[in-house]
Ligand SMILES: Cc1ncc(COP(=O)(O)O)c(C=O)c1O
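What follows is one chain in structure tokens, specifically the form predicted alone.
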Amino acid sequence: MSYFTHLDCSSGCGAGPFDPRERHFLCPSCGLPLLARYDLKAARAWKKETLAGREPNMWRYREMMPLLPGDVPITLGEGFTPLLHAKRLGGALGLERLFIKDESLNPTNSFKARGQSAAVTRAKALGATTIALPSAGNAGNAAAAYSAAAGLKCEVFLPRDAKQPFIDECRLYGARVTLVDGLITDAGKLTAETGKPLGWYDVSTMKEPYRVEGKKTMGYELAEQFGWTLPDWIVYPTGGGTGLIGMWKAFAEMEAIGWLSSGQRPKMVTVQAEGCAPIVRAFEQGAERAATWENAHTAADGLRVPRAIGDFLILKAIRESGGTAVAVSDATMVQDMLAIGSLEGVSAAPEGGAALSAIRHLVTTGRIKPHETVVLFNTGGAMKYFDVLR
């Protein structure tokens, strides 16, 4: 069973609640994201001991996932990825407890599998026949794979300069790829213009309520893998920010159902590229929303997001946690891809390299202390990015 009850607006504008048996995307009142809500009082009856023996994927937390009676998860085994104690890398940085949460071992080689598993599950339950989205690459690959598993058509809109492996993998799973001049924001506009009249189910980042529910399972996993405690720091490469938003939501849910004590939450760190750092700039300026970043450019395709619709939720999580936001150079993140690989044997995309670069900065400036527990999120593998190593 699931304690899933309704949707409401993330902005607190007062709209809703909304019935999850119907299709909903952005809030009809303020145009901001909707979030899935659960009967947290009733969920206190759910005990973490029930997880013993469950399948090692993200649906082990099904009680706090967006499932209604009769729904069947569309799963390829996503989730429950390794949490590796990076002793050699930590030793080089002077950190006793550095861990890598290695999301590259998900289906389609990235953390995007989590969000698309949840989104496609709900889309199929709601009668969708065609999934559509803009993507920088990995989200499109995941959407294509889960659409194939669900027996749905998939339309992926990619920037024309997307790396060829991303284009090829979408096609491998039977998706139709449209290449768009410009950035992911331009691809998003064309997705909406093309798909809305045709009734396509748009799973754009934070424009539907369920991708964040898949991503939040990273928070549940960290708590379980750390024995129901949490680290001092989570360092997270942030484009659209769904994963960071989701984990912050997960920590709140676990506190509400009695699985975590209040005051345990980690400091959340957003990492962006110097060539596209709208969240970092907004954080430094004390702003609640992030202005669009002009002329966005970076080797990390997942970080080339000039404007995130959930920016206010990202900034809120950073500030509430006492965390920070850091921008790093492309050259540094590529060097740190190699450091993660050569010291720990982990295949890291540039986004994972960026997270290590941010940790180096925070250690050097004394923000992160040698004894503190730090989790580096490697959100995807290096295989689709080998060109940047040349």
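Please read all numbers here as calculations on a predicted model, not as lab measurements. From 1 onward, residues are counted along the sequence shown.
If you look for the form predicted in complex with the ligand, you will not find it shown, but the lines that follow are about it.
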Is it the case that G240, even though its partner is missing from this view, gets within 4.5 Å of the ligand in the model of the complex, heavy atoms only?
yes
Does the ligand get within 4.5 angstroms of any non-hydrogen atom of A349 in the model of the complex?
yes
Is there a heavy atom of P231 no more than 4.5 Å from a heavy atom of the ligand in the model of the complex?
no
Can you work out whether N138 and the ligand are in contact in the model of the complex, taking contact to mean some heavy atom pair no more than 4.5 Å apart?
yes
The ligand: the contacting residue among G310, G79, P159, G302 in the model of the complex [heavy atom, 4.5 Å]:
G302
Contact residue in the model of the complex, chosen from K124, K215, R265, K101 - any heavy atom within 4.5 Å of the ligand
K215
Options 69 to 77, 278 to 286, 232 to 240, 150 to 158; stretch whose heavy atom lies within 4.5 Å of the ligand in the model of the complex:
232 to 240
Applying a 4.5 angstroms cut-off on non-hydrogen atoms, the residues of 69 to 105 near the ligand in the model of the complex are none
